[in-house]
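Read on for two forms of one protein chain; each stands alone as structure tokens, with the labels structure 1 and structure 2.
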Structure 1
Amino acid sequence: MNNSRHRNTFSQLEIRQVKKRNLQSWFLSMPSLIWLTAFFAVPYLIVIIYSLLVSDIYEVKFLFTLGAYREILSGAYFKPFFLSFRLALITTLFCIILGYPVAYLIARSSEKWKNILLVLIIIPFWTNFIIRIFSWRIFLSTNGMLNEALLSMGLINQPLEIIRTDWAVIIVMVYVYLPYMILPLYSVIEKLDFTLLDAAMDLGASERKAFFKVTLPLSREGIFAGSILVFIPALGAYIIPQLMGNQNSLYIGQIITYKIKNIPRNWPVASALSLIMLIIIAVILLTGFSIYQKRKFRRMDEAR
């Protein structure tokens, strides 16, 4: 009897502690919730309302309609969506291919070199974003350093037309977003138990097989996180395509900007495009996360 009463008292005490922790968690998270509500939910509510209005020469008419969505679904904006997704996918793939070896090298380096290499990765963030893009414009231009070096070495007979092409956009996009892939990969790879590689090779696996069977599967979280950090901003990029690309390949970020700043201004179509992009990104993220979680739980069940 006393034991049951003691257990009940103990369970009630646990419940009170849990409720207290939950209340403290809500209290601590209130500033961030207020911040997100004020600067994310409210602006997007305004975007939703504007997407349902009628465009005027400079502003909008407060007449609710679905005309903006009908215009988008008519097919005129399918090419910019396709180009934006292609650019984001290519940028993400190149960042994975180039970033994984770098992250692996940093993770396996000594503490002294590890700190130096990390600083070298972070250094580009210390320079203004626009200045870095203009530096690439100078480097890739017809009379730039790259063409002059190739001509002086006799590798080409005439300057390469790189600037104002899709390849110029991809090169600069990979350069800008590569650190966003390296840093998450490094944080995951650094925590790996590298004795597992030695164990795999002791059991007869080659270095290549040990990498693909041990290291790569254990670093999937870093690949997933880095891909999100690269894919999402690359999908809606504006400045880099505007400064490095051409008018024949307009991306969705450029279309949205043109709809807002050019006259006649079309705020409803720009708002509808932004909202559709948000929905597409949310669907991609939720789908990718659910697939990743299912595979993770499946591996845990197999391990048991």
Structure 2
Amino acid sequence: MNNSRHRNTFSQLEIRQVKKRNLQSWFLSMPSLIWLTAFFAVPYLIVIIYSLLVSDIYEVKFLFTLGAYREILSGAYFKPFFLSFRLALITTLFCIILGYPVAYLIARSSEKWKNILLVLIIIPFWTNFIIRIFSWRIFLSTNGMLNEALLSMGLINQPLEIIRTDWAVIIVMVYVYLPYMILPLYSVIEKLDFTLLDAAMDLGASERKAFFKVTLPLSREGIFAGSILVFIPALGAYIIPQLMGNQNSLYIGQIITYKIKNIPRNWPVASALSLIMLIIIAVILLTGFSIYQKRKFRRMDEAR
């Protein structure tokens, strides 16, 4: 290949090889491309179409209208959106507060302990989702174990009404999404160079200051990734509010599900609400990433 006389022939051969390879890649990717297009992308088109139809008690009538959007704009669904947003935000914050020290501790453990601790975090996560929620219902219920324990210790006089409150929803949300925060945080903190902390302390920073000036800024990436992994799924929460919360504070996931499942159904409104949620998520992701990218680029610009 180093012989210049042959360069031309070789590059011809190379072009042919590249073409062959690309063709191969198309063949290999085709099944997944088709599958995901048909069952992930196309369904959203259907959602768009259905959002423009007229609702029926059971299904839809194929008549185009903006009725669903008009209904939404009337403000009836503002509260569920607000509640879901607040829930997602609170869940994310609690996950950061609880997850950060845990991720930090695991990241700073010895190799052997790291694996054990990580498995300990993941095991509950592998236990059935519904069953874990069910168990929380038992634990938090009015005559459940928590209340019994608190009563017998004399900390309270009458059972706490936790179940069927927003607090119960938050507790279980944090419980379910915590590993999604811990794992990305762990992977970032683990790569952190801990001699930087020595350096900060050497230069006069106390432990607290070293943490806020060095460790925290350098684990921003993990906090960002974890927050996305928690916040966005939390926004669409349905079953946790359904099993833990009450009917006075309905979240958007519940509204969508009711409109799909319960009679009288209203699929156009459910579709429109889903689309609005999708748009909100897209906006959050895009602004999040652009802020993130800008930071990176600014750093590179200054470097130049």
Partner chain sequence: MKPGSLYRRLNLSAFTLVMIFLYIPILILIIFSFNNSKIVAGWKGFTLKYYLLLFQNEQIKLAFQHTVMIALTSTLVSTILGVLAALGLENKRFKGRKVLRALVYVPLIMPDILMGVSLALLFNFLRVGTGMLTVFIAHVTFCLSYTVIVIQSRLEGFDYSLVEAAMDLGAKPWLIFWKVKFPLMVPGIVAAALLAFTLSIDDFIITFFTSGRGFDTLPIYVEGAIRRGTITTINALSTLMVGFTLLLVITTKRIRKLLLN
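Sequence positions of structure 1, starting at 1, serve as the residue numbers. Please read all numbers here as calculations on a predicted model, not as lab measurements. Basically, rigid core = biggest C-alpha set you can superpose within 1.5 Å across the two forms.
Form assignment for the chain places structure 2 as the one matching the criterion, namely the form predicted together with the partner chain. Fitting the two forms on the rigid core leaves the C-alpha of residue 42 displaced by under 2 angstroms between the two structures. Superposition on the rigid core between the two structures places the CA atom of residue 287 less than 2 Å from its counterpart. Residue 248 shows a C-alpha shift below 2 Å between the two structures [criterion: core-superposed Cα displacement of 2 Å]. Core superposition places the C-alpha of residue 33 3.9 Å apart between the two structures.
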